[in-house]
Ligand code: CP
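So this first bit is one chain, no partners, the form predicted alone, shown in structure tokens.
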Amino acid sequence: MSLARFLDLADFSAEEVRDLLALAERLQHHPEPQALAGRILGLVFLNPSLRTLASMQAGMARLGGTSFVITPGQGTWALETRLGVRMDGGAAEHIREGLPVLASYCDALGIRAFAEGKDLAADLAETNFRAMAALVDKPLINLESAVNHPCQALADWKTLDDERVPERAKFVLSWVPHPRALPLAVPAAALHMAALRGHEVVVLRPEGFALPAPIMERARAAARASGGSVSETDDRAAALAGAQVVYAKEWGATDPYGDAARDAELRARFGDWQVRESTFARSAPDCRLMHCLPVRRNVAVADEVLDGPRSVVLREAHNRLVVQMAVLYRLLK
């Protein structure tokens, strides 16, 4: 399996994902410290990062390559991403010049650009990310876009493998509270990953926070191909009964998408959706807890769960490094 770009886990079959994970496992136990010697990875972060930034740089270094990081507006010119605008504001440079220049300096480029969170149709269409991707003529990695985070999804798949979670297990993607609306990228990617892996996937969310129909339908198509299933509910007891994995994740209200006041009004009703140890006590005693991080302790998930034996969040985070090394290897070797 060769790679030209790594933009969406949906671009690959389950067999191709497993092949990539087999390479990740091999590189984890049998490093190749000179595999990418002389290669350069460019990283453009339009939004903050901890794990994605550090793991990409560390992965490239472990394979013998180097990297540079651009954070527009912090040591470099601010980048304008909108097309056809009059640039009389704070941004001094446009992506139409900036991205091709950066791509010319490296062998592969990674871009992180969150959803604007204003226009649901535009975010679902990945309007901004697609415009940027069209400007890059080198291997390209999606480091999180409006509604996708394939590197996180790949790490999550490996974590499920490491935990020996069977493919037909019950996987619950559970909405949890956060002080503000967060993007749909991780829940959409985790949902698709679990469906492609063949799980019985249940999206557990309160009223007003249903994932958009195109995200749900794409996951259902993946489930049909894998022999899994996808359903959704606001019934917490029914969803958690027999669950082997709870993937806790925050996201914004989708009914009033982009309406911060209405979103805040809705989420204020559901503070009790925090994941606590009592969440699992009767219905899912052996369930694992996953979360992509960062996590708001005692808002989204209680200390007792994050610090307890069912939490695999640190393994998830470490697996970002492992799987991204495989992605880089396939793109640049």
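For every residue, the number given is its place in the sequence shown, counted from 1. This one's a predicted model, so the numbers in the text were calculated from it and none came from an experiment.
Although it is not shown, the form predicted in complex with the named molecule is what the next lines describe.
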Open item on the list: Please identify the residue among Lys138, Lys158, Arg112, Lys170 with any heavy atom within 4.5 Å of the named molecule in the model of the complex.
Closed with: Arg112
Task: One residue of Pro285, Pro294, Pro33, Gly38 in contact with the named molecule, assessed in the model of the complex (non-hydrogen atom, 4.5 angstroms) - done: Pro294
- [ ] Determine which one of 207-215, 236-244, 127-135, 141-149 lies within 4.5 Å of the named molecule in the model of the complex, judging by heavy atom distances; exactly one does.
- [x] 141-149
TODO: Indicate whether Gly271 is a 4.5 Å heavy atom neighbour of the named molecule in the model of the complex.
DONE: no
Task: the named molecule contact in the model of the complex: Thr52, any heavy atom under 4.5 Å - done: yes
Open item on the list: Just checking whether Gly308 would be counted as a contact of the named molecule in the model of the complex - the rule being heavy atoms within 4.5 angstroms.
Closed with: no
Open item on the list: Heavy atom within 4.5 Å of the named molecule in the model of the complex: which residues of 299-329 meet that condition, in order?
Closed with: Arg320
